[in-house]
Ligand SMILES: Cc1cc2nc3c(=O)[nH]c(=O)nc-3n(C[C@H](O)[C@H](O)[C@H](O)COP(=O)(O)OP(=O)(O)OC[C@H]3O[C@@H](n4cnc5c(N)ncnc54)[C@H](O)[C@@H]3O)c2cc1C
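Okay, here we've got a single chain as structure tokens, the form predicted on its own, with questions on binding and movement later.
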């Protein structure tokens, strides 16, 4: 059963023994032993009556107003949203959830919303961590409706010759991969939220996948899209390539539900890998590791994955206190051990060394440990929030030359906020994606808020880190999307002309401003 006040499924949450172990580890790191407090049960949450009256019969069949449905669809999974949800505060809960199963029903929902002056928030898997779902203050709209795309989950066509698939936007990661597996294909897109995020959500937020080198951003896999907007339906032609004008697919990617609802996409798929090999390599410093990373990415060896963990991140993942690079190769038809061997020789020339006892097998022990830690991390974050601590991951992208200054400024900004608030915390960094011209560092902060109230501490920390990113040549966000939290910085980054152009598109698709108001642009 999905957790209305936490990540994923209730059954996946940390048990008492795991929480006790986590608390002991946090005591070592923070100097305090936090105690866990369970969230307010669903039966005791604060939620106003739905303002939605009788719907047309066609929509009444696909509507839900029960407390669980409304609670689950009212928040994403960011720190401030989970704090409110755990406290039982659903004062701005959506009025109803609608579950359309095709484009016709999506259009009927939007037509009703226009007549009723209702805001419509598209909902895929509900895993947004940037305020991409809500909450929307009740006083701003006559109604707030959540449009759940979960029933838009058809697999209409798989073309084995062109290696494309026409897929419903509501497919969650596991179902999507499960539908492709019998055909021998994979989309090869595995974000950390894979289990609880949808194809449409990935496209709407320009998601980045688990594979850290080469093609990894979701828009690079999109061949065609269908969007249902208040202004009508837009369907782009799936073509292998075109030089005819601006790309409509690229225009819709990253729109975050403000133009309409992405209902279907034609995606480029790939043969499933039959050969894999991975290794963990220790480095004396981040500087040497990133120098090796840049050379490896430019070597045309094309590793499937290549991530760098600083000492704190490596320790947090249970891999020991070393700077580490996790390297992996894969192929659908040829062995990759020789490629891994060449890569290891290259990394060795930069001071990298394989961990003692680890061979060049299909998967290294360190890679398996990191993978398990990566998937379980959101459940650990839930428990940390339940202990009254602040936990957040800040992500950006920056050039190789610009990283040292950005790293120094980011760590200084975090320390400055902690000192001012009397907080105690630690920060770790991992480089999740590597490009020929730069990298994507992710900073995770876990802290006791000191004298500050957790939400105000989080807001101050968020602003300080985002400012450090932008002022030191970094992107506002790498792949989590803009939502409401990054909106101000995004508007500044695109400038007056960019805002005007995006605003004109938004007004065309959504003349009454009902689609997910508050995200992307003010």
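Numbering follows the first chain given and starts at 1. Please read all numbers here as calculations on a predicted model, not as lab measurements.
A second form of this protein, the form predicted together with the ligand, is not displayed here; the remarks below concern that form.
Checked against the ligand in the model of the complex, the residues 440, 306, 225, 169 give one hit for a heavy atom within 4.5 Å, which is 169. Though the ligand is absent from this view, in the model of the complex it lies within 4.5 Å of a heavy atom of just one residue from 428, 197, 322, 186, which is 197. Proximity to the ligand in the model of the complex holds for all of 128, 191 and 201, with the criterion being a heavy atom within 4.5 Å. Between 399-407, 297-305, 99-107, 253-261, the stretch whose residues reach within 4.5 angstroms of the ligand in the model of the complex through a non-hydrogen atom is 253-261. The ligand is not shown here, and in the model of the complex it never comes within 4.5 Å of any heavy atom of residue 327. Although the partner is absent from this view, residue 70 stays clear of the ligand in the model of the complex, with no non-hydrogen atom inside 4.5 angstroms. The ligand is not drawn, but in the model of the complex it has a heavy atom within 4.5 Å of residue 133. Under a 4.5 angstroms non-hydrogen atom cutoff, the ligand in the model of the complex has residue 479 among its neighbouring residues.
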